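Same chain, two forms, each on its own as structure tokens: structure 1, then structure 2.
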Structure 1
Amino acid sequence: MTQTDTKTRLLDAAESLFSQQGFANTSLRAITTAAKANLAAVNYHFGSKEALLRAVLERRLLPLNQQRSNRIDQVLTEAVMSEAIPGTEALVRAFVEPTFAFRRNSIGSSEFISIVGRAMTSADPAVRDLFLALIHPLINKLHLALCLALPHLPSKLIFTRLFFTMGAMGHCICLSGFSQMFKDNSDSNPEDDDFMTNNLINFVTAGLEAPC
């Protein structure tokens, strides 16, 4: 390989363009041009445009989900060791913090995360179903862990609140035009990022623990 893998360059370009314009609005020609690759390269390496999207999602989401899953296990283990029930905020942190830390890792990660934030509620089944299949086991694990943390609340209610949590986080993650409504200065610094993360954790923890 000369510089970087063509396959990697295609993934990077697709990731960036999907996050900026969405899946349906991004053509293979735009992707291959940005990746300085041949038009046929996508179908050669991945088979189809949809398979490229799957590869883009899996490349980063599988490790991230593994990380989040490990941290949930860690909270549960610590709870067992100390013979206590797991804390709601600790579980929320286990889920949220890796996501935002991951986002700061690189520019590519940041762009990727905004794809994920939108995929959840995408009107396009090709996008939505792909994401839901990747996140489904993790959500189930988090749901069960939250049931342990909030034993006085019914399972169904906890799932509904988890549903709201995902909405708040997904919205936060893809930084819609909403945030520009408040602040004129559009450049975001790490401080704002920490501010967002901590406030999100406070917000959803309070919502999850609210009296029934």
Structure 2
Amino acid sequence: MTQTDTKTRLLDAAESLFSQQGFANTSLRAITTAAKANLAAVNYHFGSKEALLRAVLERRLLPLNQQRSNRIDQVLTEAVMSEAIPGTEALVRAFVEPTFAFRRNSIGSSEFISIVGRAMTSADPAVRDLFLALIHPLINKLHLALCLALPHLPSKLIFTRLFFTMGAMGHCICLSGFSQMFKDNSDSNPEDDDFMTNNLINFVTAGLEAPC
């Protein structure tokens, strides 16, 4: 058994247990037992429980952030080439579409989404603060791009509306599996990614572009 195998098993076990029990309620012993590893393996590969948490989040979030960053760069480049301001809808799409694709296609996405969902509603700030630190550069980049797209609006107002956008997107992402909430409305299905993605983009674009 290779060191890489052990490290991956620890990451998988931690991700699963953090999603089920939360970070604070998950012991290193529970993680190592699930991973069929010894306690020393955590210190060897990660150094601490907090460092293991960072590795769990980075494994899913950094590639997703890079996809979204690349899409934003593409929108900005196309705007420069056409000598126009970037489109709000295009920037929102660059941020939202990879997120829904991640939920739909990525291994471990449901566990990761559960971890982040817990973090945003938990009194324990460990996961929340780390998640926010990891996503901050991307949010800052999107905010600056939206300021270019909406030069007539104050930067602070755009950031506030971006905060609303994050909340709406997070709510939609976490709705997976809750179709019973919509059983009396056949036109609404939170598990239809195209429906949810396009309507979320239209909704938040209108909100971002609304007058002061």
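A quick note: this is a predicted structure, and the numbers were derived from the prediction, not measured. We call the rigid core the largest set of C-alpha positions that still match within 1.5 Å between the two forms. Reference numbering: structure 1, starting with residue 1.
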| property | result |
| --- | --- |
| Assignment: the form predicted on its own | 2 |
| Core-aligned C-alpha movement of Y44 between the two structures reaching 2 Å | yes |
| Yes/no, L10 Cα shift of 2 Å or more between the two structures with rigid core fixed | yes |
| Flag for S19, CA shift 2 Å or larger between the two structures after aligning core | yes |
| Per-residue CA shift, L53 (Å; core superposed between the two structures) | 2.7 |
